[in-house]
Every structure is written in structure tokens, then in C-alpha cells.
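One chain comes next, on its own, written out as C-alpha cells in the form predicted on its own.
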């Protein structure tokens, strides 16, 4: 059982510190099973914090977004820390941002939240359609317990968990200044079965699969905007001179966009699944990202976001790296 009151107490103490600007966590959303990021600036605002199977958002995205505007003339920059609640996959994003120097270690205070898995909102809303009243959820013994208006309903965890959680190898935060709750057992094992199933098809079958998926893309850029590793101030995919990807919304340009983004994330994607979660047309973006993650892991024995003292994949070198795949 998660002691949310203890979490609120930790949050109140954290935001009361002189070296902390605010804390970013989760709160209940406006309806149904929705949750939302919650910025806590005062001890009183901590009363709305939650941590439950509904807290799917990776809040590490905000670390590279907050307060990037120029400081007004006559004002000094606020050098205080941002406190952040992180699950295991979220912490990998923080670690990778530190490795790439996207953020500084002295700019963030990390509160680790061991996680037993978060739900896939689409699966839950399909199981309980038309829910408009606010619903909360808790972890049971291998189950998720939904506190519905007409009573509690217990659902086997495997039926509603997000895909990223079914293969999660790091449910416990890999980096934290303070941990909330006890470590949880690792239940996921990742043999990349989803990627291997796709690899088993012929080139034409694989192309037909992606052609259909990319044809539905609206180029809304939600996948890029939510990604904690897409924090370049000047995205090459937005440039007009030179223009690498046309603004046209068609299969060819959509394919170029997704492939360029996937290769930019090679050796950097921490598999939090946020891109797929926010896609309005349900493109299985993680199949593409996980294909590259599989290649990097198998060929270079490298996983991003595990060690803040390590180097990025493309800045590292080992004499025993495999060479049999090099043409």
C-alpha cells in the first residue's frame, strides 16, 4: 500500500527548503482515470499530490523546459533546484539528461518512487467505457484496484498495464536524493518479442506495416514534444534552411520524420513510452524505438540512462566492441 500522506509530508518539507523552487509531481485529473502533472510551490499545494497506477506521465520532460526564457533586465536568474518525483523509467531520463549535460546535477532534487506499474489509459477506458466521475486506483497483490463510483473493482495487473511496464527491468529509481517507499521486485523481462515478431516478416510485409501506420500520422509533433530526450532548442526537423523534412503531411514525409527522430534517439531512448501514449492516432512508435534499442543493446552492450558517470553511446569506445556487423 502506498502511503500517499507520507509523500505529501515529504513534498511539504521539500518545497519549504530555501534551495528548492518547486516540486513537480502528479495530481488527479478533471474526469475519469485522468491524472495531470502538478507543480507544488507551497506546502499547502502538496495536499493534491497523488502516486498511483494512474501516474503514467514522465515528468522528467519538464526539467529541460522550465524557465528557459531570458531573465528580465534587472533580475537575477533563480538558481534554486527543481524537485521531481520519478518512477524507474523516469529516473533513466534524468540520468541521460545529466550524461548529455542537458541539465546540471545541482539543478534538480530527485525523489524516487518505486513503481509496480502504471496503466495504459486506453486499455482502462475500454474496460470501463464512458467513465466521467473522477476515479482513483491503488496497487493490489498482482492487481490494480479501481475505486469506481459503484464500488471497488480489482483487475489483474497484466490486463491493464502499459506496454512499457510489461517489459520493465528497472521499476526502482536508478538515481534519487530521497526515496519514497520500499523497493519493489523486478517482474518484467525483456526479450524484445514484439520487435522479433516484426523482424520475422519479409521486407515487403514490414514496409506495408509501417506504410499503413505512418500514413495516419498528422504530424502533430506530440511524440517529439512529450519526449524527455527531445530537448534541442533548435530541432533539425523544424528547419527551413536547409529543410530536411517537408511540412507536407503524406506517407513519404511522415516516414522521413519518424525515421529521423528514431535514429536521433538511438542509444538515448529510455523506453518510457510517452511518445506512444500521447499519439492521437495510435502509431506504435515504440516498436521502432525498441528496434534500435535492441540493436544498441546487442551490438554494443549499451543501455542509456543507467549510470550518470557514463558517456553517451556515440562518445564511448571499447576495444572489445563487436565488429562482425560492420560492412
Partner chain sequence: MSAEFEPNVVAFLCNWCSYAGADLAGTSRTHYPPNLNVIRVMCSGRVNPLFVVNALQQGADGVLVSGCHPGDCHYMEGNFYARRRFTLLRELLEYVGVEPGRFNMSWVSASEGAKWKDVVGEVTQKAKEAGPFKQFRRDKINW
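Numbering follows the first chain given and starts at 1. Between two forms, the rigid core is defined as the largest C-alpha subset superposing within 1.5 Å. This is a predicted model, so every value here is computed, not measured.
One more form of this protein should be noted, the form predicted together with its partner chain, which is absent from this view; the next part is about it.
When its partner chain is considered in the predicted bound form, residue 3 lies well away from it, no heavy atom lying within 4.5 Å. In the predicted bound form, its partner chain lies farther than 4.5 Å from every heavy atom of residue 151. Taking the partner from elsewhere, residue 295 is found to have a heavy atom lying within 4.5 Å of its partner chain in the predicted bound form. Residue contact with its partner chain in the predicted bound form: residue 145 places no heavy atom within 4.5 Å of it. A heavy atom within 4.5 Å of its partner chain in the predicted bound form is found for exactly one of 170, 139, 214, 109: 214. In the predicted bound form, no residue of the candidate spot (46, 52 and 116) has a heavy atom lying within 4.5 Å of its partner chain. The stretch in contact with its partner chain in the predicted bound form, judged by heavy atoms within 4.5 Å, is 198-206, chosen from 80-88, 175-183, 161-169, 198-206. Of all the residues from 262-280, those having a non-hydrogen atom no more than 4.5 Å from its partner chain in the predicted bound form are 262, 263, 264, 266. With the core held fixed between this form and the one not shown, residue 310 has its Cα displaced by under 2 Å.
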